[in-house]
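Form predicted alone, single chain, as structure tokens, below.
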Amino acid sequence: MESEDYASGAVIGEEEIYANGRDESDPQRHRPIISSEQLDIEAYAALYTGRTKTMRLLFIADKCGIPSMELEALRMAYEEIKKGEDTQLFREIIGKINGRLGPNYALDNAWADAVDRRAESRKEKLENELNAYRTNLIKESIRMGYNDFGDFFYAHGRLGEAFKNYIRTRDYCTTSKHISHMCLNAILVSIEMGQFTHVTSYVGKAEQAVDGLDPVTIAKLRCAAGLSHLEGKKYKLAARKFLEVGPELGNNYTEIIAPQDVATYGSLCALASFDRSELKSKVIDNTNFRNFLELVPEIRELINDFYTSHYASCLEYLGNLKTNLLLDIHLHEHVETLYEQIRNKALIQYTLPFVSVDLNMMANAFNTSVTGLEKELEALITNDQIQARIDSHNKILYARHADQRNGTFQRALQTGNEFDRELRSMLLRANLIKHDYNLKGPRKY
């Protein structure tokens, strides 16, 4: 394997080249990798509150494919839903349990009927109060009335009605803080409904109400914008938003997202879309984001491994994380795409400094087979992501570096042609002026 160092012309030794992937002699590379153990559902669920906690547990139950894990998630979802008032979702959970957890987790008709009766009474009371407020034309009271209706419908799982009532408060908002509060409510319901176009819209509206934005609200809006970009597969924009989230977020937005999610989503999107300099300046050297990374050490380690070109260790971390990431309600659809982009970027970065690369050493660095590596490189070469050719017989990748001498001649010729054209234009203009051949427009009266 040969290398070109354009800055110094230094030759990189075989030991140093080998470190571009996996260096077995480095004791730090033997630090423990997180195990691919089954997700600790109880610890995971404890990160969230409200409706999203129940929905995440149901998502795990649907996607995990492990009966014991499924029943544990359903058991916790049952216990969580009974703390609220959503009887429709309660009945759905009972249907999913299907008697597998015994009589203690069966349909509790008495509880459901009592909740529904209280709901009817509460709804009638709210309607009477709102009608009185509208009769008296008290804007603040009307705003609070619609807001209470939104909270009521949200608690009972009627998200469409909740959204309508939250946005009705906009006509009665009198301060910037009221507007930002309305937008956060609309964003919350929109995320639950999966309507991320609404999320983007109301994030923008909230950001216009500058006076009503405290640091916690700004952090919440950036999280919401990041989720919206993630859903739209705009990974670079998503990464930027998550990286801008301030430490003020803390546990103030657990009805949507946990601080650990900010670290995970932001890091994976950054690895897939940022170049090396951006990764250094916006992720590794980002003091605010470092606080989030400390909550997820394995994410922090894989970022450092990727930046320091220890790709085998980085990919091993990713492999161990994958099973649990596929159980994340927001990230699961993007895991395969992000992983592919991260791996392709690692392959590109590995080959970039070299004139030729030994595929056997590269396969060892990426902990894969030479045949599999060749197929990956072929795809990247076909897509013009790597400028190189493969010697399949000798198992060597040769880079196609541009002919710098020819390029210099071409640029010199282009510069000469441009100079000649500009000079002829100047001479023509000078002769026209000299012989008074200038065209004057008709005078307007």
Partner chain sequence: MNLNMNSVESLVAQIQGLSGNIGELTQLRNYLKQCDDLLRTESTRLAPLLTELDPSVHSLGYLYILEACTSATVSKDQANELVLSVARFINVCAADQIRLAPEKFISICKRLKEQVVLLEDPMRGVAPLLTSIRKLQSSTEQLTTLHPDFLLLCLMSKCYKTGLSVLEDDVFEVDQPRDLFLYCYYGGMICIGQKKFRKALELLHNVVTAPMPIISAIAVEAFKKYILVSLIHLGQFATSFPKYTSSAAQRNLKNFSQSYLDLVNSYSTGKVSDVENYVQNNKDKFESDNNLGLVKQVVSSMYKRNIQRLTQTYLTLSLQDIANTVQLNSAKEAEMHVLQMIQEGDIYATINQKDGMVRFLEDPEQYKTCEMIERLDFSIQRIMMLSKKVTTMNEVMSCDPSYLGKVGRERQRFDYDDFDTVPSKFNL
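For clarity, every value in this text was computed on a predicted model and none was experimentally measured. Residue numbers count along the first chain shown, from 1.
If you look for the form predicted in complex with the partner chain, you will not find it shown, but the lines that follow are about it.
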ask   = Going by a heavy atom distance of 4.5 Å, is S68 a contact of the partner chain in the predicted complex?
value = no
ask   = C64 near the partner chain in the predicted complex, any heavy atom under 4.5 Å?
value = no
request  = Examine Q385 and determine whether its closest non-hydrogen atom to the partner chain in the predicted complex is within 4.5 angstroms.
outcome  = no
4.5 Å heavy atom contact, Y398 to the partner chain in the predicted complex = yes
